[in-house]
Ligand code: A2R
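One chain is shown next in structure tokens, namely the form predicted alone.
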Amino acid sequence: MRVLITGMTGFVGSHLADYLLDKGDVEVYGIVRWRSQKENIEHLEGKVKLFECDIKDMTSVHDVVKSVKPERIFHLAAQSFVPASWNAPAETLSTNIIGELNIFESVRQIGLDTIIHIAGSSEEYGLVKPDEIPITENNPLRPLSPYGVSKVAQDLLGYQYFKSYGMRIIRTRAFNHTGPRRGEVFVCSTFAKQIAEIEKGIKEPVLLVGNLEAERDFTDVRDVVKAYWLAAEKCEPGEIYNISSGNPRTIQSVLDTLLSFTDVKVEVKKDPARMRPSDVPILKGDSSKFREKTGWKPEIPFEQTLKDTLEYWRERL
């Protein structure tokens, strides 16, 4: 089976490539930006075929899709850092919406019957009221960031192309996921990196944090990529599925767990730059629809996820 992953050098894309290669019966192709950092996939050299491509460029995307003729596409390329979407809203909207549109149009114009998985986000739900928890797929969408708005647009564009053209588009909304290779700007990873830097004497023993009261529903990325594969295998085109652990935890508890893995003593200091203009207080997903359809459940304990993330940074520094 020929599978195309957009954004393969990214956090999730690299783990999905690992998972597919382990299956042994998949030819893996990836779209990468010429300027992307490729350290996440250095270990995949010779095992995958890469295409340099700007997903905002229709001609470039069309050429790749025509060359590969993929039976499945996992569309993961995106501007995915929520705070950056306030600083660069136009770039976020353009990359996420136009990039996806180019994927759809390429598949449609070439006439392929490709299964396309769209990686949505719990950020689409945005402002969630206390009586709406846990969050189901039917919850109103009230995004609180340009990133959230861009993911709502991707989500609905997928539905429109399914209805208008009968394309086999499967939409998921994954809640927070983390693990090794997560970019250093994301909360679990930035805590782990700072701890590793303090351990090695690279940084003074002050750990900078943002909002520690927020509650997030974390799943290990290695469980999430299995969910994405199962979505393409078993889920219904046009439908929407939450992917979540269903166990929210405060960012404070994440920090406490990571600090329990080290002997260094640190001062925890709030950094105004890490505070968002508007923040979602709690995210707790109800993924029963997805679980019933696929039999999926998270298997990696969150403490192991955090240990592996810390070890990743200890090895890198």
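Because the structure is predicted, anything quoted here is derived from the model rather than measured. In this text, residue numbers run from 1 along the sequence as written.
Only in words, not in the display: the form predicted in complex with the named molecule, which the text now covers.
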Heavy atom contact within 4.5 Å of the named molecule in the predicted bound form, the stretch among 50-58, 63-71, 252-260, 266-274: 50-58
Note: exactly one of Val107, Ala77, Ile169, Ala192 sits with a heavy atom within 4.5 Å of the named molecule in the predicted bound form, namely Ala77
Could you tell me which one of Tyr161, Tyr241, Tyr147, Tyr125 places a heavy atom within 4.5 Å of the named molecule in the predicted bound form? Tyr147
Gly7, Phe11 and Arg182 all contacting the named molecule in the predicted bound form, non-hydrogen atom within 4.5 Å: yes
Wondering, does Arg33 line up within 4.5 Å of the named molecule in the predicted bound form on heavy atoms? yes
Using a 4.5 angstroms cut-off on non-hydrogen atoms, would Ala231 count as touching the named molecule in the predicted bound form? no
I'd like to check something about Thr95: if you look in the predicted bound form, is any of its heavy atoms closer than or equal to 4.5 Å to a heavy atom of the named molecule? yes
Verify the contact flag for Ala227: yes if a non-hydrogen atom of it lies within 4.5 Å of a non-hydrogen atom of the named molecule in the predicted bound form, no if not. no
Can you name the residues of 287-317 that have a non-hydrogen atom within 4.5 angstroms of the named molecule in the predicted bound form? none
